[in-house]
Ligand SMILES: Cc1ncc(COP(=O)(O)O)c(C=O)c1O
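The chain below stands alone, shown as structure tokens; this is the form predicted alone.
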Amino acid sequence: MVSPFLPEAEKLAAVRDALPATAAGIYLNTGTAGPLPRETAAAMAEVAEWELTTGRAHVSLLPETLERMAEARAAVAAILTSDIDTVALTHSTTDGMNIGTWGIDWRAGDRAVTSSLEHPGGVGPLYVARDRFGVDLAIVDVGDGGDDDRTLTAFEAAITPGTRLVSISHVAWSTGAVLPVARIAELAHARGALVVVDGAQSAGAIPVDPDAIGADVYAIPGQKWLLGPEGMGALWVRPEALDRVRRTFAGYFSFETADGRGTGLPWPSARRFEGTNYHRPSVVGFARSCGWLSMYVGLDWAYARAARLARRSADLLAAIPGVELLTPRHQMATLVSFRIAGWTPDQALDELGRRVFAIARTLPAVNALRISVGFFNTDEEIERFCAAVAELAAHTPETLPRHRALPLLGQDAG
């Protein structure tokens, strides 16, 4: 861990030096893919080089792979403040949401409940269950997700007898609202339903304890706030729910013992949901990034700093005439979504990229821009970005004065 006794500026400088992509622009799109730690890239390159020069067929490779997979599960468990036996490796949040959704032995007339703020990775498998099996899918309108009373009233009405699954995001990918998952889970469990949670915008961004919020299944990605490689993710499964969540896919990694004569004993842990093979450099990289966050950066410091900077961003943007903030400031994590009057999201993003090298994204579903504010961002970057937004908001694309791109903070204007 970076010494807690280091001055804030020195610690931040050390963290940013370990994340080279932070020097390429104002990095505000971790909600899509975070900057890769230098240490992670080096570990992945070392494994890839070994595979290139030594090959991938040595008898020792499988035991080594199993050890690296165990390290990755343990690293994820530390992030989720849980036990290693609750964690399975996946390839994405979408994988995990599919595992949770298809864990139900669906019958025509069964009911599933979700919200109007869900990502296609979560709601997509529900659409398939609806279309394939005649599942009654209730999509609850929760507005921007910032009114807990409205959200809970709507879910209470929707979770009727016969509801078998409630699928909900911890943090809404579009508005950035933190949804009242624990209270929704109470409603669901009281009526016999399983709760599957999309943790794509929470794990690594805010403190997460799946057990405390009542999740039965909690799916997370590797490449977003955990700063790991793409193509990796993880699934947390409540021990009491293991036998209720049916396996749909299974393979070599799913079984403690298996043969070709009819014997297949699944792992008594969440490992039973690991159905396919994994890219070894990515497994190593995933473990390294999670460990880097936990042991080098320090989760408490990262959470507190990201929360402060996100709130600062939302406050600055909300104060700009012509800017409409979509994110409920009283109930936010690290995503901030907004619109600029007179500008399409694509126009605004292009101009912000030219002016201050902002790396953000558009959200066509809500016709907005979204920034993802990380612990590695600086106050100066946030102020600079918001100042550029204010300049755009004061003009239209036709009247905006031409502007030379400014150098990044700390770079020579040359």
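In case it trips you up, residue 1 is the first one in the sequence shown, and so on. Quantities reported herein were computed from a predicted structural model and do not represent experimental measurements.
The following text describes the form predicted in complex with this ligand, which does not appear among the structures shown.
- Contact check for K224: a non-hydrogen atom falls within 4.5 Å of this ligand in the model of the complex.
- Contact between A177 and this ligand in the model of the complex is not found at the 4.5 Å heavy atom cutoff.
- Using a 4.5 angstroms threshold between heavy atoms, T93 counts as touching this ligand in the model of the complex.
- Mapping the unseen interface onto this chain, H119 counts among the residues with a heavy atom inside 4.5 Å of this ligand in the model of the complex.
- Checking T101, S313, T327, S169 against this ligand in the model of the complex, a heavy atom within 4.5 Å turns up for just one residue: S169.
- A heavy atom within 4.5 Å of this ligand in the model of the complex is found for one listed residue only; from C290, V113, V336, A200, this is A200.
- The stretch in contact with this ligand in the model of the complex, judged by heavy atoms within 4.5 Å, is 192 to 200, chosen from 178 to 186, 245 to 253, 155 to 163, 192 to 200.
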